[in-house]
Structure formats: C-alpha cells, structure tokens
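Okay, here we've got a single chain as structure tokens, the form predicted alone, with questions on binding and movement later.
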C-alpha cells in the first residue's frame, strides 16, 4: 500500500482550498448575480464582464445547487444561502412551463427563449430545488423536486414524450448520458432514504454497465439496447471525461450498496478511460476519440476542456482513497498539475474552459451556454472532502 507524508497531503489540500474559496467562488459572487431580475448572469468574459444576459436554466439550477451545497458542506455562510435563494426564486417563478417542462434558456427577465427535447434542464431544476429546500427547511421546494422527478423518470424511458423523433434508419440505441444523470439525480434527491427509489437506481446502474466492454477495456457513449457494439461514427465514439464521471457516479453507489464487484468495475472505468484519453504528447484529456482508430468526426475531438479534468481529478482522489495505489496518486497529481497550469486564472479567478490540443487557450470566456458555476467548484469541493477523509 502506497502512502505519502501528511505534509504533502496538506499542501495539496491547501492549494485546492485556496483555488475554491479565493478564486473560483468569489468570481461567481462578484460577477454573476442579477440583483435586478433575479437569477444569475452565466455568459461571463475572462474578467467577469457580462457579454450576454441570456439565462441558461440548466446552469441556473447548477449554481443554486452549488451554493446551497457549499452552505451545507463547508459552513453556514449567509451570503451563500442568499445567492442560492436568488436563483431558486427565479427558477420557481420563470423556468417551468405548462406540462412540467423546463426552459433551456430565458431572457434576462425570465421570458422563455428555448426548450430542448432533452431532460437535463429538468434534472438540474429538480436538484437545485431539492438542495435549497434541504438546507433552508422550506420543504415545498423539495416536494416540487420529488414531484418533477416522477415526470423526468417517465420521460427518460421514452424521449418521444418530450418531442424527440426516431427514424427508421437509426438502429435502436441508448446513450450514456441519460442513466448517468438519472443516477445522480436519485443520489441527490433521495439522500439516505434511497430505498424508495431502489428499483430505478438499479435500472440506471445496469444501463450504465451496458456501456462497459470489459474485454476491450472501453466505455462507449452509445450502445445497442442490450449493450451491443454499434459499428458507426456514433457507436465507436468515446468521451473519456464522461466515462470517468460515470465511474465516480457508480463508485458513490458502490459504497452506499457495499457492493465490491460494482466498486471494482467503477475503478476500472476510470482506469481504462483515463489511459485511453490522456494525450501522451501534450498532456490533458482528449474530448472525443474513435474506439477503432477511425477519424473522429467532431471538429473539437482533440481539444482539452475544463470539465473532464475536474471529473478526473476527483475520480483519481476517490480511487486512491479506496485502494491506495501509487499510480492513482500519480494520476491525480498529473491531472491536478495540468489543470492548474492550463485552466486556472490567478488574475481574474475561475477557470478557462477551452484549449487546443497543445494546451493553448482558444476561448477567453469563463461562462457561457455550457460552462457555469458547477464542474470546477464541485470538483474542487469533492476533492477537498476526499483528501480530508484520506488524511483521517
């Protein structure tokens, strides 16, 4: 069993705490709050300047959840609760439509702009209200989240109910994203009372495991309905960061269920996806790969994005906590060092989101339609908590 000095562990923990509490969280506190209309500005330039007042609802929900989680997990900082309330009240007032659908985006005042034929806005709306109600004791928020979860689960089993169209030329398939997000939502909303959703949780776990090819040591984004390989652009696609995130989602449930087999499979998902996804020449995780070495078709396939690295950082810390392998710690430090060297902004705070393969920044924004107050602070917070447990 590999171990290192308490001094080294403490040094890394302090580095992460300084990043989270001195650079990342203050960036969103200073620049994202819309005191006039409620909610948050999420399209922010590198210095925090607002370049678009559109409010992307899934990011509004993520930010509510994040500040309520900080309030619960770190200390009861009143301003964090006030920030969470600013978003939670905006969501309840403007985000939901008739039929329990949730907008993907509204304008600054909360007037609807777009609804997707997906369930992610609904998922983060529910997670936000549940976490806010949990820390405030205002249980109507949690009750609404639980009610919405029933609709989300129904839609997740048949996306045609929310307008998705299936065409005869497309082979029946299932994506990794749906069981992943549903498993995460069940973890958040059920808390310690997860037995009420036991059947749904096991369905999600089994669906995720259908994407895992243990013989080839690959986690596929899209597979057939029984987990079979689909030899197409979509079927061969790998998303290393997504697979790593799915690995630690499963690991949380392996610990709750005390399931050693599931623990080992979750560990392996992180191992395999990182080994395939890490760029040996320039460092960092590729965004997409083709499992057979065919040309990846997404134009951004070899870019390095912020969120796979925050997911890998936490996943390696968790792996190390469970099996204490030197390679786990080395991979954790390699991911951490790459991330801090390339994404972190010591001048303005927060992280840049997009790099080319060589690690040069391609976008200066800190927030946009797909990057908000979530992956960076969540990854830092969870990693800090994990290092505390390792130290104990």
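Keep in mind that this is a model prediction, so the values were computed, not measured. Positions refer to the first chain, counted from 1.
Form predicted together with another copy of the chain: not shown, discussed below.
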Legend entry - is_contact(residue 137, another copy of the chain) in the model of the complex, heavy atom dist at most 4.5 Å: no
Inset, instruction - Please run the contact check for residue 227 against another copy of the chain in the model of the complex: heavy atoms, 4.5 angstroms, yes or no? - result: no
Inset, instruction - Please run the contact check for residue 150 against another copy of the chain in the model of the complex: heavy atoms, 4.5 angstroms, yes or no? - result: no
Legend entry - Interface membership of residue 99, another copy of the chain in the model of the complex, 4.5 Å heavy atom rule: no
Inset, instruction - May I ask whether 169, 302 and 360 each come within 4.5 Å of another copy of the chain in the model of the complex, counting any non-hydrogen atom? - result: yes
Inset, instruction - Specify the contacting stretch among 8 to 16, 21 to 29, 379 to 387, 364 to 372, defined as having any heavy atom within 4.5 Å of another copy of the chain in the model of the complex. - result: 364 to 372
Inset, instruction - Could you work out which of 316, 287, 248, 71 is the residue within 4.5 angstroms of another copy of the chain in the model of the complex, going by heavy atoms? - result: 287
Legend entry - Partner-contacting position among 93, 79, 216, 111 - heavy atom within 4.5 Å of another copy of the chain in the model of the complex: 111
Legend entry - Heavy atom contacts to another copy of the chain in the model of the complex at 4.5 Å, residues of 181 to 200 in sequence order: none
